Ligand code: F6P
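Just the one chain here, the form predicted alone, laid out as structure tokens.
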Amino acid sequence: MAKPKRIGILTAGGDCPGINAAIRGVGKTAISQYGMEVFGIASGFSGLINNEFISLTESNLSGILTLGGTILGTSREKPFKKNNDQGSDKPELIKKNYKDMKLDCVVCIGGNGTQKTASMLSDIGLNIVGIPKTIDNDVWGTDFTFGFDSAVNIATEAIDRLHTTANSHQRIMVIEVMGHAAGWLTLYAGMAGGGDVILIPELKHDLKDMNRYLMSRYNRKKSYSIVVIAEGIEFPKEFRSAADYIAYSIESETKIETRKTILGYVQRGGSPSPMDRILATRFGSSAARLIASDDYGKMVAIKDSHTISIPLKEVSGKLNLVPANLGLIEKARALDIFMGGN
């Protein structure tokens, strides 16, 4: 009989809901269906550098499906980044520890930076499978990442609550949503939360046009307005945040009382939504299947509701941004939502 495969799982970058569901999906499938030995690598790529592993069994994988965060811990360690810590060669150290542990593959769960590092580790000879996660939904090659749906739910609930405050005080409320350079989270939460203005980095916007739109609502006896903006939109350096800039611009030009809320890290915490639990589980199970087939150097993804795999080399260094011709944007404009753009 062939010797059982030994695999490691690590989680790197920022945390998000669904990571533990993905760990469980990989581990349980690998153990139950393929008879593999599974190890958890602590604190992202730091665990590979420092040789920090724990054995994962069916027993300690049970009960983690609904947990937020990651049972393995995470870090933003970038082993290929040039540094001066005594001239250590972290990629070579990772390669040595990988061989010493007699690993057949490492599953790297993370966002863009993690998948880029995963691709580079694959290039130096390690067997790697990637799983995309991020609330930003900006990993290239997959329609959705887990963590995104949970964050949309959290941001939407916050916007729902701010409707009542805005209405009571007849104010304009500016809500800043996370997402870095991608506007997916802002667009989806803004639409689901009934935003009147939605500003995303991918669409240029003219503040004078936006303020004219808000004044038009005010003159039509609309008692309040909800402005949902992405943290990644451009704003002058003298302002601390996009929300500061947009709220200042609105109030100074329209003279309508305006307040801002920055949702921040609350969007990344807590238990994953049912959809994220399912997506993370599907990704994890698909990753185990790739390993069983000796199909390495790939990232699992979802396209048109089907799980697929794509080469890590194709993912590395790219971003999945909101296309200007996205149907949802046209639907928003048809509802008289100010989106900017052409």
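No experiment lies behind these values; they were computed from the predicted model shown. From 1 onward, residues are counted along the sequence shown.
As for the form predicted in complex with this ligand, it is not shown, yet the points below apply to it.
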item	value
Heavy atom of K222 within 4.5 Å of this ligand in the predicted bound form	no
Partner contact for T134 in the predicted bound form: this ligand, 4.5 angstroms, heavy atom	yes
In the predicted bound form, H180 touching this ligand (heavy atom, 4.5 Å)	yes
This ligand contact in the predicted bound form: R76, any heavy atom under 4.5 Å	yes
Proximity to this ligand in the predicted bound form, single hit among E251, D244, E231, E202 (heavy atom within 4.5 Å)	E231
Contact residue in the predicted bound form, chosen from R268, K116, K90, K260 - any heavy atom within 4.5 Å of this ligand	R268
Listed range touching this ligand, judged in the predicted bound form by heavy atoms within 4.5 Å, from 214-222, 233-241, 172-180, 123-131	172-180
